[in-house]
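Just one chain follows, in the form predicted on its own, and it is written as structure tokens.
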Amino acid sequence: MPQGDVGFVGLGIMGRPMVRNLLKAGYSLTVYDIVGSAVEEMVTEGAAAASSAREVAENAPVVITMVPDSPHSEAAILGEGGVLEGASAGSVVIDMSSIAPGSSQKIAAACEAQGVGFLDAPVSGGEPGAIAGTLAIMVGGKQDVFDAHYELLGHMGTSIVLCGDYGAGNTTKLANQIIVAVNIEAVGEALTLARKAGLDPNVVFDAIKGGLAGSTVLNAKGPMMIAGDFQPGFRINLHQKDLRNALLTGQELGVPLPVTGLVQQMIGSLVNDGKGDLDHSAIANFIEDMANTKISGQ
């Protein structure tokens, strides 16, 4: 049974499966992306097309945005032809992009000035989580707006937590991305060491995954490193952006993030080597190259 009208702006690697899950749940979707083929793909699956973010907001009282970074969110919501040009008082914008907390607060203030509700609600779980509808959703905003849209978010994620006021969702996401990046780098070091010592990384993986070193990161990314399969679920380029936002936020707050900075330098090297579109498990490539070995043995 239809549950209401929702707009969706941003149909990339995450946005498309999120739209599919909302369609399956019975929502009527109006969608927009600057890439026309992405819009056409969603139309074939039951969504309605819009020619701009403004048109999306004119057709739906709740608009979700899922774009790459702060400038894209600000353009999609605040810019010419953006969501706020089409939104009415009482509408709600849920920005699920991973952006700088300060940008979320800027967008929230502009929304409030027009009587539009706002949540910043970045996610973790990558493409597999978006497809399965099992994303972790970290939310910043007002309790009443969060409560009113909890069910909607529940069709895209299984962990949905209000972390605080505007920007808190993205601050929490930055904390998440620090932990993920540093863990991936550590797994890369460990498995490279094991391979260089003549051990089978599969055996090492099996031996350690049930102990204190076990983690979701190890379970998800270790097998990719062992197989040498770096097809993207979450691209290095995007993790570079998240760590940049973390470092800038740390600078603003006076919080040193030394290990985050080190991993960011590794990621920068990989991007310069043309590996930015690989999965972030390829952070291990930096260690492999220094050790002149491959975890996969290939």
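Numbering starts at 1 and runs along the sequence shown. Just so you know, these numbers come straight off a predicted model, no measurement behind them.
What follows is about the form predicted together with another copy of the chain, which we do not show.
Stretch in contact in the predicted bound form with another copy of the chain, which is absent here, among 36-44, 54-62, 247-255, 225-233 (heavy atoms within 4.5 Å):
Correct option: 247-255.
Looking in the predicted bound form, is another copy of the chain within 4.5 Å of a heavy atom from each of 132, 147 and 158?
Per the other structure, none of 132, 147 and 158 touch another copy of the chain.
Going by a heavy atom distance of 4.5 Å, is residue 113 a contact of another copy of the chain in the predicted bound form?
It does not: once another copy of the chain is placed as it appears in the predicted bound form, residue 113 has no heavy atom within 4.5 Å of it.
Indicate whether another copy of the chain has at least one heavy atom within 4.5 Å of a heavy atom of residue 94 in the predicted bound form.
Contact with another copy of the chain, no.
I'd like to know whether residue 178 contacts another copy of the chain in the predicted bound form, with contact meaning heavy atoms within 4.5 angstroms.
So residue 178 counts as contacting another copy of the chain.
Residue 143 within 4.5 Å of another copy of the chain in the predicted bound form, heavy atoms
Residue 143: no contact with another copy of the chain in the predicted bound form.
Quick one: which residues from 189-212 get a non-hydrogen atom within 4.5 Å of another copy of the chain in the predicted bound form?
Heavy-atom contacts to another copy of the chain in the predicted bound form: 189, 190, 192, 193, 194, 196, 197, 199, 203, 204, 207, 208, 211, 212.
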